[in-house]
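One chain comes next, on its own, written as structure tokens: the form predicted alone.
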């Protein structure tokens, strides 16, 4: 087990390789690239949330001096239907229509045309010259209204999937999903106490600092290079090729540095437009979103309505649970109802449960992933229900969760049995944590919640090049969002036995390294790290063979230790160890350059669990909620770079608290977002939060050479319920709907008479 090994590099916190460039401003982000003869692309967006497009007249725009290209939906090839794959999911045809509307616009901000011009001001003038005739239709903005049989239809060809038989009528319910085990009626009959409630969680944005941007440059043969800020340039290439029906070999995608993504940069919005404009204009085209465009026209996470029913015996043993989960998909199918259904009950042992989940179309932007997509919504409802049960039974909220906690061998609600997991270790650490054992501050409440994410593996590739002097260059295909370059270098250093400082990591483009899936799902350190380790093992095997050839012995008589080939015990004692630098320096004589490589589809990602608890105070005169203290405990399997793991945990906590207390999309009756900017869509700032205390638990994942389990998704799951539970305990009033903004809290207090 990895905790018994005395690592030299793993578990430390060295300086990140890209740190200096980022703090000095040298790092090149999506909007930083400029090419010779470059022109600028801009998008015309719908002023309506739901309308038929009766006609688009672009003649005036095309005739304007300085305008090089104008495109509408008519300029796109007919899209084939088929699954996109990747973290965002969905259908290729829907993706194409989301990028550029065809016969209908389905949300305010939906793209209807785009231009490329000599300057941004000329491009904006050209947009103003385009005339679009609409037939305005009633928007569908509320989940429950959208699910009614007589609701206005977004897509008349949408027939609910996963039903026993295809329905006779179309509907806004794109799909349903059911999970279950045992007999819930029997389970509830065994309960001494049953709690139930309906919880509403608003649509929220990932809030990444860097808006979407890209540059596309097509040559005379139609081959195109795209520079963009992305979480997965291989998948951006695939999506663009499918939407434009291009040969994927004619597209080269280069990932820039990325100013945050959190799942929101796993979907193409501008890239196919830039490619098409560049091909028409025969110039490089640069496109950049404004912050308002980011809010109105890119994928937030789903709003949801979650109904939970939970039964328990007087000793706290859960007897049954049921969940009804409805998620907003936005304009096109693909809400994260699946992960929501998989995670809602996953931390607990439940003999009897059932889950019913719905993917529902509404006239809002097509949703995208946001850290553990779907889990914060469903688990918010479950963790609030557990808190209510804790209060009614008079059992400490951590003890109640410990009594029912899943462990190794527990069958997950979605099928497999858990291997070694760290939930109980996190709960036990929380129970004795000094922040938990100290008294709750006067006038405050302390809320507890558990978080979970199943994590994924997926495909990754890596190459390890040994330079002539023994230094190491890693080339891998996972864009670095949370410090993965440093983690890759650390795992390579530990495997090869060389200093961390001798290793450099590069993110290769789609033509210079092997395929890698998107950086998301907490998979990069696990899966790409596994590829790096295997590539290093390939190098070690080569080095041992080279040393054997040099010494005139068999390869199995050579060992690798501390970055050196050494003779095995009993072999000629006069042989001197050969360092990596010595083997590399002599490589021309022993077979040529040293290059190790690995490509894999990683299995056994290892589920991630967390326990959060927080002290929150409520001003009863204004409804304002203050976070006094927040503690996040999480199982990392093995923390490769401890500071980055802590940063992931703290970042997720900040985002979860923002969602719980302030963040939401606000629409008027016509479906126009009213707070499309950071002045009105209020994410937490430093003055809103205390120091977020973290504790890393390490229960090694047996499927990874260093015990890694991803940590990026789980941290956002528990803060919503931890905050709500703290407010409920501070006020004695349970507020089911988020965010817990002052007007809502004050109204609830006044309604309760206090």
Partner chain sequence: MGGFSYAAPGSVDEVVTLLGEHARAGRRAQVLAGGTDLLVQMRGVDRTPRTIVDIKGVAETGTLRLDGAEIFIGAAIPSAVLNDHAELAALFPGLLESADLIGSTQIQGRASLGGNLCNASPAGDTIPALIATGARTVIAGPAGRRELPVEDFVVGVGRNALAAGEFLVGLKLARPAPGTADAYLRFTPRTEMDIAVAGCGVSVTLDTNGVCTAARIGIGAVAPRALLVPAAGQALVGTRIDDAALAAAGAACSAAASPITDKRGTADYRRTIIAVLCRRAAATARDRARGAGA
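Positions refer to the first chain, counted from 1. The model shown is predicted, which means the values in this text are computed figures rather than measured ones.
Heads up, the form predicted together with its partner chain isn't pictured, but that's what we're talking about next.
Student: On the criterion of a non-hydrogen atom at 4.5 angstroms or closer, are 315, 316 and 403 all touching its partner chain in the predicted bound form?
Tutor: No residue of the spot touches its partner chain in the predicted bound form.
Student: Taking the partner as it appears in the predicted bound form, which of 321-329, 676-684, 218-226, 503-511 has residues with heavy atoms within 4.5 Å of its partner chain?
Tutor: Of the stretches listed, the one contacting the partner is 676-684.
Student: Among 662, 171, 79, 390, which has at least one heavy atom within 4.5 Å of its partner chain in the predicted bound form?
Tutor: That would be 662.
Student: Using a 4.5 Å cut on heavy atoms, which of 624, 245, 200, 431 is close to its partner chain in the predicted bound form?
Tutor: Only one option qualifies, and that one is 624.
Student: Does any part of residue 732 reach within 4.5 Å of its partner chain in the predicted bound form? Heavy atoms only, please.
Tutor: No, residue 732 sits far enough from its partner chain in the predicted bound form that none of its heavy atoms falls within 4.5 Å.
Student: Does the 4.5 Å heavy atom contact test between residue 124 and its partner chain in the predicted bound form come out positive?
Tutor: Answer yes; at least one heavy atom of residue 124 falls within 4.5 Å of its partner chain in the predicted bound form.
Student: Would residue 619 count as touching its partner chain in the predicted bound form under a 4.5 Å heavy atom rule?
Tutor: Taking the distances in the predicted bound form, the answer for residue 619 is yes, it comes within 4.5 Å of its partner chain.
Student: In the predicted bound form, does residue 57 come within 4.5 Å of its partner chain, counting heavy atoms only?
Tutor: Output for residue 57 is no: heavy atoms all beyond 4.5 Å of its partner chain.
Student: Pick out the residues of 731-747 whose heavy atoms come within 4.5 Å of its partner chain in the predicted bound form.
Tutor: 742, 743, 746, in sequence order.
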